[in-house]
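Here we start with a single chain on its own, the form predicted alone, put down as structure tokens.
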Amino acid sequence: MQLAVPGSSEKMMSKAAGSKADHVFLDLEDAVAPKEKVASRRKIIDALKSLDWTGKTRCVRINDLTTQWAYEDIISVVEEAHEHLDTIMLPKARSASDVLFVDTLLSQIEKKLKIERRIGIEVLIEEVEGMLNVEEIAFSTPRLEALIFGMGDYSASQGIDPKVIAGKSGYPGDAWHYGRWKIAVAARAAKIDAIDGPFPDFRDAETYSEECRRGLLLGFVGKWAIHPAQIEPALSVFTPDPAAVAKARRMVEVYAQAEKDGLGAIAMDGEMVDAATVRMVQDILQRADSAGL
């Protein structure tokens, strides 16, 4: 799961470093007031370099490319903290060219500083143009690591009633199903991660957990947490059950032996195990490996 942290708050960044989140993005965009954006770059650089981020993916969300801050966000943070940074998060991507701008700028900085470790890119799909172009965005650069569904800005872009994002609209079904489905398909095809976006009411753990479950069912590998209170529910949903992991590993072992014996399928505990079965449980095993299970 991805924990959002305002880059203007040294206190919150310090708490994030000590949290159970496995991915933390330090925010220069929505969580930072315009007059604080430039100063927050320095706070983020200092936090990346001085805090212990062991076991966490370290990410910085820059301002979107229509602003005057975006290019200097990248230059300042990467040139000074590249050894302590894993990914740059690009908000409001509308086309593959937006991603390629970030990719080109990162490449130039890496050449200048002779950086051998490539910094990844994560992209927020939160504009209707981005949703239309999500497939080309997904394949825009090998540097891209994740597509993230940003429901908040997306709802504004499409003119969706704000009640929907709070999960209390009465809409007959999941209002985010189409967007989730399209993003998940694009991410899977490009062999990158699909991450579900924010849920605003951090006190409503029940609805948040249900939103996590809906994303998981469609192939998302994680969800945002906008508050530390959402970390545990997200981890609970996206960390596979040990019993399910054990069963999946046993299925793989049983089928491997069946193949050696010249069999195309074999029964295990009353279930038929074949090549399709083994393929379906690979996602559980991948999530288990990521979680260290």
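Start at 1 and count along the sequence shown; that's the residue number. Computed from a predicted structure; not experimentally measured.
There is another form of the same protein, the form predicted in complex with a small molecule; it is not shown, and what comes next is about it.
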Consider Met1 of the chain shown here, and say whether it contacts the small molecule in the predicted complex, taking contact as heavy atoms within 4.5 Å. no
Any chance Arg279 has a heavy atom within 4.5 Å of the small molecule in the predicted complex? no
So, in the predicted complex, is Ile226 in contact with the small molecule at a 4.5 angstroms heavy atom limit? yes
Heavy atom to heavy atom, is Arg61 within 4.5 Å of the small molecule in the predicted complex? yes
Heavy atom within 4.5 Å of the small molecule in the predicted complex, from candidates Gly130, Pro91, Gly179, Pro198, belongs to Pro198
If we test each of Ile266, Leu235, Ala31, Met251 for a heavy atom within 4.5 Å of the small molecule in the predicted complex, the one that passes is Ala31
In contact with the small molecule in the predicted complex (heavy atoms, 4.5 Å), from 35-43, 226-234, 252-260, 239-247, is stretch 226-234
Can all three of Lys11, Ala16 and Asp27 be found with a heavy atom no more than 4.5 Å from the small molecule in the predicted complex? yes
